[in-house]
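Subsequent text provides C-alpha cells for two forms of one protein chain, presented individually as structure 1 and structure 2.
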Structure 1
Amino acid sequence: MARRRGLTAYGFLAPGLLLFAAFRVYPLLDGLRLSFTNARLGRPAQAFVGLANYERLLEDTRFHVSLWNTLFYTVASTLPILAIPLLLAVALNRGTMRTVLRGAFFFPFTLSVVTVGLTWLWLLDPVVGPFNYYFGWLVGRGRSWLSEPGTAMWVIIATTVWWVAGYYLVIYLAGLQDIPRDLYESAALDGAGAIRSFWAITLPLLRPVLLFVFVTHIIGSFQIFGQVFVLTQGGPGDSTRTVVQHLYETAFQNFFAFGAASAMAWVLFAIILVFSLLQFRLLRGHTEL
C-alpha cells in the first residue's frame, strides 16, 4: 500500500518535474557547456576552448566595471529596501485605513519594469519633468539626474525602492500578524514604549522574515537589468552598467558570443551562491527558521 501511494505521488509530481527539468535544469547545464566553447551566432561548429572564456573575463575592463556597479547597487540598496518597508509595515499594522494604504503602497509593484522606468523618465525629465521643476524651484536650478554619473545610479536605486517596497511591505505585515499581541500588552504593563517594544519584541521575532527579505533582495540585486536598461542604458559612460546588461549585450547585441556570455552567467551564479551561503551561515545561527 505504501509503495502504491509513493508511485501515485510521483505520478502527480512527474509533470512538474519534467517541466522543471526541461526549462530550468537543461538550460542551466547547457549554459555551462557553452561557457567552455567558442559558440557564436553564425558559427555552425562549436569548438571546446577550455577556460578561455573565463580567462578573458579577467582582462575585460567593462566586465570589471559592470561587476563593481552591481556590487555598489546591491550594497547601497540593501538598507533602504530592508528598513523602509519594515517601518511602513509597523506603522500600518495598527493604523486606520490600513487596507487602503497597503493597496496604495503595493500598487507600484503591480506595474511592469518598463512602465516604472518610463514613469520615472518623465518625472525626472530635465525639461518637462515635475520632479525637476520643483527641485529647481527649491534650489534655484534643475539637474539632469540620469545624465550625471554621480546621480544616475542613485536614481536607479530610488526607483527600485519605490517599485518593490510594497511587495516587501506585505511580507513584513504577514510576519507581524504572527507575533502574539499579549507580548506587547505585557511589555506595555512593564512600562515599555513603542520604540523599546520594537527593538525587544518586533525585531527579534521578525528575524526569519528579515532573513528572507535579505536573501531574496541580494539575489535580485545581482540580477538587476530592466531598470538600468530603460532608464540609462548603462550610461552615462559605463557608470550604471551592470553584469546582466553586459551579459545581454555580449550575447544578443554586439558580439553574439554565447560562449563568453555563458561564462559571465556562471561567474554571476557563483557570486550569488557564495553571498547566499554566507548570509545563511551568518544569520541562521541567530534565526529560528
Structure 2
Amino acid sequence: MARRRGLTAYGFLAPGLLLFAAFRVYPLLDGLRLSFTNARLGRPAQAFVGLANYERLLEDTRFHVSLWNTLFYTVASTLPILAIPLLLAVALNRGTMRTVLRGAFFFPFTLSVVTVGLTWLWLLDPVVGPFNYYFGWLVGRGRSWLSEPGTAMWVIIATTVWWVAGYYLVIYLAGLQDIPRDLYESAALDGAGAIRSFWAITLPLLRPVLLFVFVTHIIGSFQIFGQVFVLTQGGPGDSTRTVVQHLYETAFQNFFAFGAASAMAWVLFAIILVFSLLQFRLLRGHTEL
C-alpha cells in the first residue's frame, strides 16, 4: 500500500523532476567540474587543471574591476530601491486613485530589460534626447551621460530603480495592508503625527518585508547584465563592466574560455550563497518561513 502510494506520488513528480534534474541540478554540478578544467568552446578534450582558473582570477584585474563595479552598483542602488517604493507605497496605501497610480508605477516592470535599456538610451541621447534638452535648459549644458565614467553607472542605477520600483511597491502595499488599522488610530489618539507613526509603527512592522526586498535586490544585483549590455556594454572604459558581463564576454565573445568563466560563476555563486544564507538566518527570527 505504502509502496503504491510512493509510486503514484513519483508518477506525478516524474516529468518535473526530470526537467529539474537535467536543466538545474546537472548544469550546476557540471559547472563546478568545468571550473577545474581548461574547457573551451568546441574543444571536447578537457584537461583537469586544478585550481588554475581560480588562481588566474586572483590576478585578472578586469575581473576585479567587474567585481568592484558590481559591488558598487549593489550598494549604491540599495537605498533608492528600498526607500522610493516604500515612500510611494505609504503615500498610496489609502486614497481613491490607488489602483490607477499603482498601475502607472508598476507598468515599467512589465517591460523587458532590453526595452527599458533602449528607452533610456533614447531618452538620454546627448544630441536629440529630450532629457538633455530640458536638463540643458535648467543647468545650461547637457552631458553625454552614458559615455562619461562618472555618470554611466548612475544612469544604470536610475534605470533599474525606474524599472523595478513598481514591483517592490506592490510588495510593500501587500505588507502595509497586513498592519492593523487600529494601531494607527490609537497612535493618532496619543497625538502621534504621520511621520511619528511611520517610524514607530510602519517601519518596525514592515521589517520582514523590508528584509525580503533587501535580499531579493542584493541577489538580483549581483547578476546585473541586461541594463549594462544595452546601455554601455561595460564602458566607457571598464567603468560599468559587471561580473556577468565579464563572464559573458569570457565565455561567449572573446575567449570562449568555458573553464575560466565557470570559475567566475562559482565565485559569484559563493557570494550570493552567503547573502542567501544570511537571509534565512535573519528571516527565521521574524517570520515562520
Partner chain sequence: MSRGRDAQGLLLAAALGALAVLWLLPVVWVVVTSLKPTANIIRVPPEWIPWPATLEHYVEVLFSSSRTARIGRAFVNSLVVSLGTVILVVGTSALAAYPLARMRFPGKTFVFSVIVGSLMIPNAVVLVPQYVLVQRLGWLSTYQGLIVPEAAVTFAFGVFLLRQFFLTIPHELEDAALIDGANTWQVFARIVVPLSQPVLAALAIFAFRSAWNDFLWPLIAVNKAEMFPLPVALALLRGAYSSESYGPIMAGAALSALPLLIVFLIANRRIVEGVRLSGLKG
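Basically, rigid core = biggest C-alpha set you can superpose within 1.5 Å across the two forms. Note that the coordinates shown come from a computational prediction; the quantities given were computed from them, not determined experimentally. Residue numbering: structure 1 sequence, from 1.
The form predicted alone is represented by structure 1; structure 2 is the other form. Once both forms are overlaid on the rigid core, the distance between the two CA positions of Trp266 between the two structures is under 2 angstroms. After superposing on the rigid core, the C-alpha of Phe275 is displaced by 3.0 Å between the two structures. The Cα position of Gly11 changes by 4.3 Å between the two structures once both are aligned on the rigid core.
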